[in-house]
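Single chain ahead, written as structure tokens, the form predicted on its own.
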Amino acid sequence: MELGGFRIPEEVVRIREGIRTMRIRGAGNIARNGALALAIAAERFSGSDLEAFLKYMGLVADYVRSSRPTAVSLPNAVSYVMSRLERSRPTSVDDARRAVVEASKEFIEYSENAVKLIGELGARRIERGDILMTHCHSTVAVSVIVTAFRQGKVERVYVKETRPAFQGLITARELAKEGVEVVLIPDSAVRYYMKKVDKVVVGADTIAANGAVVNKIGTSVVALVAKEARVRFYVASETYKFSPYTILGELVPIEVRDPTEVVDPGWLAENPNVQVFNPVFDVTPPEYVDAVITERGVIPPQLAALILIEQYGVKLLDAYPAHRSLGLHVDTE
């Protein structure tokens, strides 16, 4: 593939398309693959012109970043790698390539360690005999549940099917492989089953500065029902899913996908007067969240801004123009 006069490696194109088409799912997995794509691009670059390499990497970064607009983990992963390239002040292509590859490996390792640590911290919130509910598929939420199960705490897990892409089936399969008793339920049955549940554990695609959680469509309904039933609602999330842009006033873009993910193309053709709207994410207000479980500790959602300030500080203003340059439409719900 040609981009701005440069040839983009096929592996990078495949990763980007995998993210765009949701073959690569889960905010953490998306972020790790984004970082990997940059490393592959750097390794495949041929030539000794440093200026050309830096321009090429900038184009690749924007290309990878634009594949999914909602999950902030992806632009944060890309920014992590690219900022370290800039800070390294390379004097040659070899120096620059090394900086990208090392930063990518560093991010991937940090991300994988974060999943394990969140599992350990989250398991402390689960009590022996607890019956849990989860929504969609989240590696970190699964980590919390599996860690608690191995400690003998989890009796049963209700897993929502999570239409239209049925990511809940992935979660059900992974939990069942670990020996967890799993009950797969229709999305519409959440209120019926909530009275049987002690705690809810979900993941996140983005967490805003005010503690609002952007996650797979239907999450806010689960949170609302949990609050009504006085069931604790926990969000498991790495801190790189916290959006630095929201502290500057940016809203989180909500991705809308193809209607054919909801209904068959033939049905659409037979019913041309029916509009099908397919938003992928929704926003859960912070007051519905009991705690956010991160690799840096368990916090109330209202402390998200402090995590962002501590993690990004004055660098927020540096990140802002890069985000704007993507030209993404921004909306809330």
Partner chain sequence: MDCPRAVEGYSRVVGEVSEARVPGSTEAALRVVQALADVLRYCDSDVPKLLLQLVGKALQARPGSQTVRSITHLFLRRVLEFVPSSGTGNPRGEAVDRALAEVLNYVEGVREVISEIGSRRLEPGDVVLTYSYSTTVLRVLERAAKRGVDFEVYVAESRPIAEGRLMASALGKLGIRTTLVVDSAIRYVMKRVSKAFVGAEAVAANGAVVGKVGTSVVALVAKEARVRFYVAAGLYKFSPETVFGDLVAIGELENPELIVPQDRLGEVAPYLGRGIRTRTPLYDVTPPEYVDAVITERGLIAPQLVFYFAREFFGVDAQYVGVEKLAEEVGRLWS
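Residue numbers count along the first chain shown, from 1. None of these values were measured; they are calculated from a predicted model.
Below, we turn to the form predicted in complex with its partner chain, even though it does not appear here.
Asker: Against its partner chain in the predicted complex, would Ile299 count as a contact residue? Criterion: heavy atoms within 4.5 Å.
Answerer: No, Ile299 stays farther than 4.5 Å from its partner chain in the predicted complex.
Asker: Mark Asp187 yes when one of its heavy atoms lies within 4.5 Å of a heavy atom of its partner chain in the predicted complex, and no otherwise.
Answerer: Yes - in the predicted complex, heavy atoms of Asp187 and its partner chain come within 4.5 Å of each other.
Asker: Is there a heavy atom of Ser48 lying 4.5 Å or less from a heavy atom of its partner chain in the predicted complex?
Answerer: No, Ser48 sits far enough from its partner chain in the predicted complex that none of its heavy atoms falls within 4.5 Å.
Asker: With a 4.5 Å heavy atom cut-off, would you call Glu181 a contact of its partner chain in the predicted complex?
Answerer: Looking in the predicted complex, residue contacts with its partner chain include Glu181, since a heavy atom lies within 4.5 Å.
Asker: Identify whether its partner chain in the predicted complex is within 4.5 Å of every residue in the set Lys160, Ala176 and Asn273, based on non-hydrogen atoms.
Answerer: Affirmative, all three are within 4.5 Å.
Asker: Counting non-hydrogen atoms within 4.5 angstroms of its partner chain in the predicted complex, say which of Ala165, Leu85, Ile126, Val197 makes the cut.
Answerer: Only one option qualifies, and that one is Ala165.
Asker: Just to confirm, with a 4.5 Å cut-off on non-hydrogen atoms, which of Val78, Ala172, Ala99, Val93 contacts its partner chain in the predicted complex?
Answerer: None of the other options qualify; the answer is Ala172.
Asker: Which of 290-298, 276-284, 58-66, 31-39 has heavy atoms within 4.5 Å of its partner chain in the predicted complex?
Answerer: Looking at the partner contacts, the answer comes out as 276-284.
Asker: Are there residues in 202-233 with a heavy atom within 4.5 Å of its partner chain in the predicted complex, and which are they, in order?
Answerer: Result: Ile217, Gly218, Ser220, Val221, Leu224, Val225, Glu228.
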